[in-house]
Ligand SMILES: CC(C)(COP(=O)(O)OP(=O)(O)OC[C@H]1O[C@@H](n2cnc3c(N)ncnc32)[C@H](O)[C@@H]1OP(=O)(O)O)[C@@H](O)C(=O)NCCC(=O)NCCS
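Only one chain is given next, in structure tokens, and it is the form predicted on its own.
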């Protein structure tokens, strides 16, 4: 698949490139990444360069993982990354200094709309999952219209491939009426 650019009211989602190496390395050094993500740890500039110059282009070409850089405007600095993986699963992260302004929920909504547009065949739902306790990611998923679900096996792999307890959610083309309320057991009822 060829990379596509997505635009929202405040963001441009485009291809992350080698020029983004330093920022990817900086953002992925966040201690929350050690706790909640499967990125290598400690994360180095070499990891970032390989991700941007080897993994991202190969994954777009194969269709296995479509990764976008999140930017305020075309040509701006990278704020974070969002990806859509084979199996219709979403993944994302945002640099610490860019959190708290609902940018990720906006990017997540844009990728979901794109997935449901017919570009990717047979997408009935987009799946989200995160380590149990990753409340920030759960808030983003709730804000983007995901409905919390409890699958039979509610885990995610850690960076060594071992299962960890996880929260799961899905987003259908139309937001389900009980989507927001489904998060109350873990996030409460406040917005």
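Residue numbers count along the first chain shown, from 1. Remember, it's a predicted structure, so these values are computed and weren't measured experimentally.
Beyond what is shown, the protein has a form predicted in complex with the named molecule; the following relates to that form.
A.B. asks: To verify the annotation, which of these, 60, 43, 51, 33, has a non-hydrogen atom within 4.5 Å of the named molecule in the predicted complex?
C.D. replies: Checking each option against the named molecule in the predicted complex, the one that comes within 4.5 Å is 33.
A.B. asks: Each of 98, 103 and 136 within 4.5 Å of the named molecule in the predicted complex, by any heavy atom, yes or no?
C.D. replies: Result yes, every residue of the spot touches the named molecule.
A.B. asks: For the chain shown here without its partner, which stretch in 52 to 60, 34 to 42, 118 to 126, 157 to 165 has non-hydrogen atoms within 4.5 angstroms of the named molecule in the predicted complex?
C.D. replies: It is the stretch 34 to 42.
A.B. asks: Report whether the minimum heavy atom distance between residue 69 and the named molecule in the predicted complex is within 4.5 Å.
C.D. replies: Judged by the heavy-atom cut-off of 4.5 Å, residue 69 is well away from the named molecule in the predicted complex.
A.B. asks: Closest heavy atom of residue 82 to the named molecule in the predicted complex, within 4.5 Å or not?
C.D. replies: Judged by the heavy-atom cut-off of 4.5 Å, residue 82 is well away from the named molecule in the predicted complex.
A.B. asks: Any of the heavy atoms of residue 28 lying within 4.5 Å of the named molecule in the predicted complex?
C.D. replies: Heavy-atom contact with the named molecule at 4.5 Å: absent for residue 28.
A.B. asks: Residue 94 versus the named molecule, in the predicted complex: is there a non-hydrogen atom within 4.5 Å?
C.D. replies: Heavy-atom contact with the named molecule at 4.5 Å: present for residue 94.
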